[in-house]
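Take a look at this one chain, the form predicted on its own, written out in structure tokens.
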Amino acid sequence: MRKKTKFIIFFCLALILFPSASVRAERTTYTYTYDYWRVERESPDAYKAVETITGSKLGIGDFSNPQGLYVRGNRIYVCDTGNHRIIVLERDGYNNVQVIDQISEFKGDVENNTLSQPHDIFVTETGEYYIADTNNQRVLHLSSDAQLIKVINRPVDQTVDEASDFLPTKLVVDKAGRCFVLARNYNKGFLQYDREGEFIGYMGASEVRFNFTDYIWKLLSTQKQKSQMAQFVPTEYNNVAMDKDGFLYATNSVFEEHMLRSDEAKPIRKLNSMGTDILVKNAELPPIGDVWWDNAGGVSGSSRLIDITVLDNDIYYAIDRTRGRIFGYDDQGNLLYAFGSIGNKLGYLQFPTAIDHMDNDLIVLDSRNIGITFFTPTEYGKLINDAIMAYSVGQYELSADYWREVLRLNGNYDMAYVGIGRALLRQEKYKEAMEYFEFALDDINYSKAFQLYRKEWIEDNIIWIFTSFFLIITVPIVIGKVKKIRREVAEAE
């Protein structure tokens, strides 16, 4: 509490002395993070860009407004939306990428067997394709050799206006064969289809938000006025990814900026099978991208996260369209590092549309520079990833060793102190863990370590505690009795 009180006092003084603190000069560093006080700290690079590949380099002509990206094994599937095709690439080794296939049409007994502005693709473990064939208003399920298996159409539901277009833009498929689809103008969350392609309902709708004054006005309005008003509908997601356990990670960039720090906006959500957001947020701030929103180079406003990918160690990466940055978070919602910016150099982005990963490498699709950029971990980034992976599989001592190596490269990295503290906590070294949590000003974990240390100390000293308690109670009584006897003896004499 005392640390939080100090923070509040510090924050208020900052607002008084520096009223424009939320508008800062553009950064000059590539990689950074935030400390306990939410001050931006320069960091060693966690990832480095190794290459940007374009359609021209691959010999298939320039991409046109590419929108979707999916990685399965060492293959990369690109939705070349403007050219109405899917490009299948294979990455062999460090940066050797070659074209394996181009899909612009498929075999099947349907009236139209060509793609029209596909926005997303999902590939199953058996190599089957699910394609959001957006302008044809359908989702295609194809075999690995592009044979039609089934067509998923507009949902049959009384709440859906039959006159509206069905424009699927993003999708994922779980191991049970259920398909989760995001469609433009559908504001009830994800459309769920079963293995047979039958619509079975919605999942994960955002909370409905409205202005109370508008609500009262709507109650008093005529039917004609009501029909002209905007409906109070949930906000839309803009992308979705699935982790190794089948949970959906969704991004949302439709919110008011003041809702970010209070966690009302929830730009990143982790949805279980019931559509409930179960994303863990144990950091001082929820995962929202940049904490401060500068106004430089014609760019202003908060981060707008437009896609996400999740590694096997539960680190997830979200990409920001506002400033072309990538934010990496651990499974507790702590920002590990952020890197990137808008620009024309290698490693900089212009208008990112999708992100995915191949092992620990990150792959980003950009629709403005019409290319795919590959990012690979540096020694520093690999140590962080390894530390988190070791902790997730129960190798706590090894995890602490990795974090100590991280501190060797960046002594001001709070997450390393927290990581060592958490590893020591798991090893039941509570007093040592408290010291590391104190370094990082981590009140929550410090309290946990202190409670366990206090419990351990009491258990180890319970005999002495009871002995001392017994002596405190009995010694005064015995002394009193002795004094009384002496007094009585003295009086008798």
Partner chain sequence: MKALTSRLISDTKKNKLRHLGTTLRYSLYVITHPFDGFWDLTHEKRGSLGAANVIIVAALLTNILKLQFSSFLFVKVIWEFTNLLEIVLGFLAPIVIGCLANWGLTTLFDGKGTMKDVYMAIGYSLTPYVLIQIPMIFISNLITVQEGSLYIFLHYLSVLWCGALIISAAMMIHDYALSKTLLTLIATVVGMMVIIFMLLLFFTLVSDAIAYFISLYKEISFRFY
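The shown structure was predicted, so the numbers you read here are calculated from the model rather than taken from an experiment. Residue numbers count along the first chain shown, from 1.
If you look for the form predicted together with the partner chain, you will not find it shown, but the lines that follow are about it.
**Q** Please determine, with the chain shown alone, which of 463-471, 421-429, 62-70, 445-453 has non-hydrogen atoms within 4.5 Å of the partner chain in the predicted complex.
**A** Contact criterion met by 445-453 only.
**Q** Of these, D45, E438, E51, E40, which has a heavy atom no more than 4.5 Å from the partner chain in the predicted complex?
**A** The residue in contact is E438.
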